[in-house]
Structures are given as structure tokens and as C-alpha cells.
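Given next, in C-alpha cells, is a single chain: the form predicted alone.
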Amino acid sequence: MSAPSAIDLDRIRAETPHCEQLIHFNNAGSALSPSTVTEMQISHLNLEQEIGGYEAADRAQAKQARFYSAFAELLNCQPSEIAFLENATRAWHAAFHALELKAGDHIITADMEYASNYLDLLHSAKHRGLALTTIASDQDGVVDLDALRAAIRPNTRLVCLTHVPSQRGDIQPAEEVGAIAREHGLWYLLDACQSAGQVVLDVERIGCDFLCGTGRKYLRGPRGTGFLYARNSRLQELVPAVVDLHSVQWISAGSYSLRPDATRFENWERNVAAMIGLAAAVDYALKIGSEAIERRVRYLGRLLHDSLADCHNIIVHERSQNLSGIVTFNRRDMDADDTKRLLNTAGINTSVSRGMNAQLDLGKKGLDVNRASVHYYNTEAEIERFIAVLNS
């Protein structure tokens, strides 16, 4: 397996502060940002200090506008279909609760759904009388498409899918699910929290009505940032659960109108510096190219997966051939927290996915798993070092 050659790795690592001082395999938690992202944030914070927060925001209108056009390029959509939110969960909630679902309406999701999303589905089923079906994964660890088709009822309204699970690195068949949703006229909400920034995302090919994500993971942006894509052609059917003076126009004492675009889901108050930083992170990714990033991440993810699988004392949990940069595993003779500490002591960042946060998957076995997640700025030498420490 040869490494892709389209990425200037030396330049990218030089533009990623401290990546030579540590091995960062926690990109699915929060990636290391390019220096330009941090510099853009600090520059705006300094401007706020110099001239005032409102005044700085006014001066930075073009940079804020770039947030929408940058994401439009990344996702192959229109800037008017993009909203800035505080995080991916807030974006998911904004989309889900804008649907006018009534008691008895049916929702389909999968057993890899992100914990916060699934808990909100359970909460809504309990308190709003919605019906919920959870599709089990097939033997390859991806949503069973035949079971999905069979689960559709006359009262089915929505399909929810997490593109790359937080606790498993198998990429789910988002486009195939989109084709099924379109065939049956269903809403389709895709959580791309772990895929945005490492997988090419084209909302037209995927066919989703909503796509949400975060800035801090594979997009290499700031914490406390997220985004929502909402399809223009269906936007007028959506009624946000909450509004403020930014998301609506107050026409008279007794009337108002929703914004005509996806910004109807936003709040007026936001972290402007972080929004500008996320726009800079997307621009950085666009300059490298989504296809080049995906090739590099998949190559490193496969190398990491196979290197772990070759270790006699390691259990690897991914089962499909459609792997992302996330690999989950356990060392046979050590619990997940001790394994994380072993790696951290050697200067290697990883994370632990908790069984309690994946009750339909890991929770069945009462299992916590180690999660290593590589990005395009990581190297083969880092993987070799990681394996050597893990085997020590």
C-alpha cells in the first residue's frame, strides 16, 4: 500500500503547531488546527479589544459572509442553505425540531446513531408520542439497507443516520440511504460530525435534506462551532422550534416573518472570532482538496487498522471494508483507560468511547473501547511508534 502523493505533508506539518512534539491520534475528538485558524481568531479577538465587539463584527462582515460561501463549496450547495450554530448537536436539534411531526408519526434510525441524537429521539418518542424504529447493523457493521426498506410504513416521516459513528470507524452508506428516503418521500437528516473534513461530502449525491457537523473535529476548526445544511427546496416546510430577533423579522406588534434561508435556525449572539476561524479552516481544507484529504486519511486509517490487526494482543472492532480515519480497539490484557494512559505517557493522544454512551452497540457488552483517529497531517512513522508503545 503506497501513500498518496498529492498532499505537501512537510508544509502542512510546518503549519500545524506542536505536531512534532506529540502524536495526535484524537482527531475524532478535536483535531490540531492550522496556525492560520488560530491567527484569524486571535486577530479578531484583538480587534474586539481595540474597537469594541459590535464594531469589530461590523468590520468583519466579509469574513463572516465567507463562512457561508466556504461551506457551500465544501458541501456542493448554496450559501443560503448554510447556518452557523454552536455545535453539531445544536444543529441536529434545530433540524429535527423544525419538522412538524405529530403523535403517531414514525422515525427510523440505526443502532450506530450518536448518543445525543438518539436520546433526543427517545425523549421525543416518550413525550410527543412519536414511533421509533432502530435498524440493526449488518455483519459488516453498517446499517442494513434491506431492514431499512422493510421498516418503512405509511406513517414514516424521517430517516436519521450518523455517517461515521463516534464509537466505530465504519463509514455508513449515506447515499444509498438517501436514495431510499427519496424513493419514499421521507425527510433525511444526516449527522456528518465525524465525516466532515475527512470524507468528500456532496449533498446532491447524498440526497439529504439536512446535514449537520462540528468545527473541532476533522475540519480542524475551533471548539464551540458547528454548522447546518438545510435544503432550500424544502425550507418553507420547516418551522424552527425557537426564534429570536435574528432568525425572524418583526413586522408589527402581532406579526413576524421567518428568514427565507437557513439562517432562520441561527441565534443573533455568536462567537464571531470562532465563526471566522471555522471559515478559515474550511478554506484551508478547500485549498488542499477534499478528494486529496479523503485519499490520505483513508490510506492512514487502513494502515493503522491493519497494523493493529496484526498485533496478537489487540482486538480491532471495525468490520467493514469502508473505513474512515477512526479505528477502535482493545488491548486484551488492559482496560481501555489504562491503555489510554499508557499511550498518553508516551506522548500519544487517543480517546476512550464509553459503552454507556453507545447502549445499542458497546453497551450490549458493557464495553469501553480505545479510539485512535488519524488525519492527513499524521505520518506512517507515528503509526509505527503508536504500535510499538501499544505492544510494550
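So that there is no doubt, residue numbering starts at 1 and follows the sequence shown. Here the structure is a predicted model, which means the values were calculated and not measured.
Keep in mind that the form predicted together with a small molecule is not shown, yet the notes after this line are about it.
Engineer: Out of the stretches listed (212-220, 74-82, 98-106, 279-287), which one is close to the small molecule in the model of the complex, meaning heavy atoms within 4.5 Å?
Structural biologist: Of the options, only 212-220 has residues within 4.5 Å of the partner.
Engineer: May I ask whether 88, 114 and 164 all come within 4.5 angstroms of the small molecule in the model of the complex, judged by heavy atoms?
Structural biologist: Every listed residue reaches the small molecule in the model of the complex, so yes.
Engineer: Does the small molecule come within 4.5 Å of any heavy atom of residue 194 in the model of the complex?
Structural biologist: Yes.
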